[in-house]
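The chain below stands alone, shown as structure tokens; this is the form predicted alone.
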């Protein structure tokens, strides 16, 4: 019997206001038009742990960076292993997965206040947490992201201020340097128009599907 094609696992990362949700939706649309079956997902998930994270990120419950890191780890494991709609199940069924945020965000966001090596090790060394086929980082300046947030949201999350976003962006680049020999990371200039950014992302997908 011929082996079933395994799905591709694509992660979209970036600062707040970088356009992740918009670009993930456009990529999913393009992939479906290409005949692929696609699942769009995001972190935090809709699990109980995901709800705890959203409460903390919204500033409703105060938690430190170590608590957040541990909660994200729990939520991420659930996201992978859930037998009904987990990442692993979709990929094994031949479904491509596009995920808005993944462990790179833990490294960059919680990693500015928690010990970075601790956050990275507990994610990268957990056998239940799958490594993506590609991480696409949508790069914008914190000022650009801030202007976009102002135009689209009534309330901000705890990390959504310019100075914190500057620290997070620097941490993303530090993490990418540490992972460059073991992860497939593509950086896209997301300060351009939506169609221009989408074209670059679809090009990355086209290269990935041939592998």
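All values derive from a computational prediction rather than experimental measurement. Numbering follows the first chain given and starts at 1.
Although it is not shown, the form predicted together with thymidine-5'-phosphate (TMP) is what the next lines describe.
Find the only residue in 143, 174, 157, 34 having a heavy atom within 4.5 Å of thymidine-5'-phosphate (TMP) in the model of the complex.
Of the candidates 143, 174, 157, 34, 157 is the one lying within 4.5 Å of thymidine-5'-phosphate (TMP) in the model of the complex.
Honest question, do 54, 101 and 110 all end up within 4.5 Å of thymidine-5'-phosphate (TMP) in the model of the complex by heavy atom distance?
Answer is yes for this spot.
Of the listed stretches (59 to 67, 182 to 190, 23 to 31, 36 to 44), which one has a non-hydrogen atom within 4.5 Å of thymidine-5'-phosphate (TMP) in the model of the complex?
Of the options, only 36 to 44 has residues within 4.5 Å of the partner.
May I ask you to check whether residue 72 falls inside a 4.5 Å heavy atom distance of thymidine-5'-phosphate (TMP) in the model of the complex?
Output for residue 72 is yes: heavy atoms within 4.5 Å of thymidine-5'-phosphate (TMP).
Are any of the heavy atoms in residue 16 no more than 4.5 Å from a heavy atom of thymidine-5'-phosphate (TMP) in the model of the complex?
Taking the distances in the model of the complex, the answer for residue 16 is yes, it comes within 4.5 Å of thymidine-5'-phosphate (TMP).
For the stretch 74 to 91, return the residues whose heavy atoms include at least one within 4.5 Å of thymidine-5'-phosphate (TMP) in the model of the complex, in the order they occur.
The one in contact is 76.
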